[in-house]
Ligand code: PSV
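First, one chain by itself in structure tokens, the form predicted alone.
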């Protein structure tokens, strides 16, 4: 098995994009708790994200959500972010909060409403032109609740046509990243319910259409690392939305529910060429912090991804090949388990110190006074939140 010193240099390549909305108030369908210090503007969200990057060195970019993060001057917002030491990243569209989209957006049977949804995607691409963003990420709530409510094939045909119109507007260096989710809010048939549907739609569009894998968007028991392997094998894994779940789309801190699953996913990423300077796979978080403070929640998340990446890089791949050829079932499993159980926390602390970062970013945040500062400063105005 590789030692930490063998793989330490490869950790320099890690970058995890933060979601702007994770710094706002968010929660369940039943309650969203307001918390002191919550950002009121996208600029305050960027400031919080910059604090995460300052303490971890892992989060150089911030994803935007439109219309939640719409401003009058996106070029000015880009410069504002750069002054803070971060950059603007993925632009996420939103077709799930307008009454017109009750029965669908890009799949809607009403051509007026479908055209409106397409126009929103095109607006997001215009924003990308100003921000320098590479990726337009589309997640759709479209679907049906009851058999007979809609023509399943017709909805797929309309989706394909809508996506083609959006794809045609992309710049040369821009990508369309299509996310999937097997249920919610549609319960009978979701229009993009799985990686296969997302892949089929992307293949029809072209090479710059890729799949986004949200780690919380699968049925219980799904082998997520198999999906990772297959999409990497086909060159169509575009991005991760990292989070964790116990039951459904819980959007909890990544690694909270099943650290071993996160390790297995990251091992397939490493083995399949999805990590490093030659990879186009984007690492992102997509989480909500309902009962915990937002900034430390994001710090904990990026540290969890880094820790499991380090363990995945340490796997002895030659030993795995030998065990497979010899039919050594337990030997092969043991190789993976040895890497998973290797405690790299002290090594990572030393690695951070050697790069001018705090050994313990969570502790550094606590003693920095930043939380107290934003609680005192952010009084009045309207807090950002889910649906803001």
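All values derive from a computational prediction rather than experimental measurement. Numbering follows the first chain given and starts at 1.
The same protein also has a form predicted in complex with ligand PSV, omitted here; what follows describes it.
- Site residues 21, 68 and 179 are all in contact with ligand PSV in the model of the complex, judged by any heavy atom within 4.5 Å.
- Shown without its partner, this chain lists 133, 309, 198, 92 as candidates; in the model of the complex, only 92 has a non-hydrogen atom within 4.5 angstroms of ligand PSV.
- Contact with ligand PSV in the model of the complex, judged by any heavy atom within 4.5 Å, is made by just one of 289, 175, 114, 217: 217.
- Interface membership of residue 260, defined by any non-hydrogen atom within 4.5 Å of ligand PSV in the model of the complex, is ruled out.
- Ligand PSV is not shown here, and in the model of the complex it never comes within 4.5 Å of any heavy atom of residue 246.
- Using a 4.5 angstroms threshold between heavy atoms, residue 4 stays clear of ligand PSV in the model of the complex.
- Although the partner is absent here, residue 103 sits far enough away that none of its heavy atoms falls within 4.5 Å of ligand PSV in the model of the complex.
- Listed stretches are 80-88, 135-143, 264-272, 296-304; the contact stretch with ligand PSV in the model of the complex is 135-143, by a heavy atom cutoff of 4.5 Å.
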